[in-house]
Ligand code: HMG
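Next comes just one chain, in structure tokens: the form predicted on its own.
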Amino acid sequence: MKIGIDLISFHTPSYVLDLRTLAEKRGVDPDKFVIGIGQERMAVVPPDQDIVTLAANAALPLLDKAGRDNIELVIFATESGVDQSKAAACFCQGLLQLPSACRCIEVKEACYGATASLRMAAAMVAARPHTRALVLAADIARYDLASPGEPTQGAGAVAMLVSAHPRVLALDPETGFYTEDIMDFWRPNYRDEALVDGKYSTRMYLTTLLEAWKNYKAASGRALLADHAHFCFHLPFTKIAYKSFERLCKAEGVPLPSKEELDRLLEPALLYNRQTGNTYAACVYEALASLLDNAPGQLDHQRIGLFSYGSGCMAEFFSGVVQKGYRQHLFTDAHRAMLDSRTPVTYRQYEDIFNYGVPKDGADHVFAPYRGGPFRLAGIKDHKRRYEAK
């Protein structure tokens, strides 16, 4: 029995900052961002949007297409939680009018949380094949102004419907994973901005990639190039996909493909992240959505290799086979229209939004409506977040 991703949908805020604008303000060569780390724009989150609205906005097209029946599990993966007790999945259950006979939980392990959620969802569906699970991954990547991490900021959400007999991607049972207790990236409860040791985090990303690949290879017996048509990597910045693949080729003792072949293997999965910035838990699945939407040829029956990394750290290499006829079940036109219709912001507008954030003074607040998807954060009253459909 096949278990996997039946539908996948992606959402990002309606405001965007061109990194050339940021480079000019910071007094650096724009190529440092555009070429050096491979990023062009970053999503900017207005005050009336948060991870709950981003995830609900990502999930609504999927539910409108496939219905809400038999969804018995909602898992929300994030490291940008809005409440220390209540799962963000519960807010989404109400906004999306999901069944009440439904488990709703929140999962955290930095950017790896969505992969853990996908595996848990697949296990439940395997045990109860007549049911479905909804996996939500949403994050707001936020660093201090003028810090080294600032140009990798971003925001977005991915929603995945997990079922038996999936129409988009059937997950392979073999997987390879690796964990180690390190401090390469973290965000204490008293901070809105993450702390990161960038060089150490990149080194650990590449180290754990090799360990996870080694375990995956031992479990599956598959070869790097012969058995995988494309690759999706976790993308704190898109340049790391090329570094990752080069490292895998070196470890396997295979020649590095030509630039044209490298671009064919990797580039379609990088297009969305270049326009949104880092989306943390959603990242590797944003890459998957980008690959499915933008691959130049048909992917039917082709195996995709995926690598998920969460700082702290947890890594997993796994794979899935694209299903025949997958294209008719994508949201390609909606994804492209969303990215193309975003409103550019000036540096001053970006800084004002960054400094405003969501107030934490305990008072009541009402947020003005901004451009965005069907759901928004209307305000806070009596310490309760108040969401609404537009």
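Numbering starts at 1 and follows the sequence shown. In this text the structure is predicted, and so the values were computed from the model without any measurement.
A second form of this protein, the form predicted together with the ligand, is not displayed here; the remarks below concern that form.
> If you check in the predicted complex, is I75 within 4.5 Å of the ligand, heavy atoms only?
Outside the cut-off, so no.
> May I ask you to check whether P148 falls inside a 4.5 Å heavy atom distance of the ligand in the predicted complex?
Yes, contact at 4.5 Å.
> Heavy atom to heavy atom, is R68 within 4.5 Å of the ligand in the predicted complex?
R68: no, not in contact with the ligand in the predicted complex.
> Test of understanding: in the predicted complex, would K243 fall inside 4.5 Å of the ligand by heavy atoms?
Looking in the predicted complex, residue contacts with the ligand include K243, since a heavy atom lies within 4.5 Å.
> Kindly indicate whether F10, G94 and D340 are, all three, within 4.5 angstroms of the ligand in the predicted complex, using heavy atoms.
Not a single listed residue reaches the ligand in the predicted complex, so no.
> Scan R167, K108, K239, K217 and let me know which has any heavy atom within 4.5 Å of the ligand in the predicted complex.
Selected option: K239.
> Of V196, A122, L266, A212, which one comes within 4.5 Å of the ligand in the predicted complex, counting heavy atoms only?
The option sitting close enough to the partner is V196.
> Please pick out the stretch from 272-280, 297-305, 251-259, 82-90 that is in contact with the ligand in the predicted complex, where contact means heavy atoms within 4.5 Å.
Careful reading of the contacts points to 272-280.
> Scan 17-42 and write down, in order along the chain, each residue with a heavy atom lying within 4.5 Å of the ligand in the predicted complex.
Residues within 4.5 Å: D29, D31, K32, I35, G36, I37.
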